Ligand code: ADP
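What follows is a single chain, given as structure tokens, in the form predicted on its own.
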Amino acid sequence: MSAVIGGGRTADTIHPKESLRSSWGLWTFALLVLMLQLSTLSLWIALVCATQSPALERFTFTEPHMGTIARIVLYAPDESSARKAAAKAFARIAELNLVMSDYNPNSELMRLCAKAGGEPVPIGADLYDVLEKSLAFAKLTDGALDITISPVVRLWRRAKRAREMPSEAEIKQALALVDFRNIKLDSQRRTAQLLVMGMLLDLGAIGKGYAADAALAVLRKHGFPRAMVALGGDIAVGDAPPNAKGWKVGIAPLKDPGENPTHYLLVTNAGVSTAGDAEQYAEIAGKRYSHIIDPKTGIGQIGRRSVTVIAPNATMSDALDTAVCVMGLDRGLKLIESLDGVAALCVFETKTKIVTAQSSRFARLLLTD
């Protein structure tokens, strides 16, 4: 940055034959002008220094939330302000867990489920919002994402503990309660109605992404847009870190998530989510069943799968990674290609090999350095 000092006309020309008094007055006037200019320059420099942003440091905070470790990374001028902002973001995640948890019988979600088959129930803004988004993704994916899957999920949770397959009769009975079209929302009254008695909802395929977005919004609100929130396999990122083009996000390999990532992404203001059976699965009678269940068959997926989705927000990436796992490569990638600002990497294990496929936009996000 530069400034021009002394620009413009400051005094008339003085003729050599003018009196000494006139010369003395000229010099006095010139000196006053110079002092004024120097004073103005000092003020300008002081203002520039005062308005420059302080250097930002990286701070990382972790807390247990929603059955996993929540991690917040943000850039702030000092630790005190960073810690206060992170505490507010963690509090928002905890607040949403009390709304969306299907493990807590006192959550707002479970209180709604307790009234399944009855009249419409008034619900809070957060629950209404996540239910509305869930139904939109259910329609978009032709039911591959269906939050009414909970009765079947609970069967498989018991099967995992007992190492015994659910019976066909049990699966059929549970599937009779699975249909997202049996959820009715009323935006005017802000109510939800579950039309069939015994219905249960499970927001596990969208809830963590939704909470990550909400926590990132809290950080933005408090003046920290250069931030990242990670909840298990769901990540929401904001503006790029200082002196960087984006956030570097690694994708773990299919077989061993503990190994170095197979791909690195560079993303800003986006959601990144990975769904698969790396950590959640059941081994029964020599077969490995994923915790991701097809809502149409009621069976946990057989064969290793990993789907990573990058989307404009983590709510969307969380919902779509599960849906693509259920839909399979062809249908799943066709859906991804149809959506603006969305990309995906799919790694599916077949009987003979591991198939890797990616959407056309995925390569643009890869970090090649």
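Numbers for residues come from their place in the sequence shown, where the first is 1. Remember, it's a predicted structure, so these values are computed and weren't measured experimentally.
The following text describes the form predicted together with the named molecule, which does not appear among the structures shown.
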{"query": "Contact flag, A144 vs the named molecule in the model of the complex, heavy atom cut 4.5 Å", "finding": "yes"}
{"query": "Exercise: L194 in contact with the named molecule in the model of the complex, heavy atom 4.5 Å", "finding": "no"}
{"query": "The named molecule contact at R190 in the model of the complex, heavy atom, 4.5 Å", "finding": "no"}
{"query": "Partner contact for A275 in the model of the complex: the named molecule, 4.5 angstroms, heavy atom", "finding": "yes"}
{"query": "Heavy atom of each of D202, K208 and I292 within 4.5 Å of the named molecule in the model of the complex", "finding": "yes"}
{"query": "Single option in R157, R181, K245, K88 placed near the named molecule in the model of the complex, where near means a heavy atom within 4.5 Å", "finding": "R157"}
{"query": "Sole residue of I235, I149, A215, A227 within 4.5 Å of the named molecule in the model of the complex, by heavy atom", "finding": "I149"}
{"query": "Per-stretch contact check against the named molecule in the model of the complex, the hit in 57 to 65, 340 to 348, 308 to 316, 322 to 330 (non-hydrogen atom, 4.5 angstroms)", "finding": "322 to 330"}
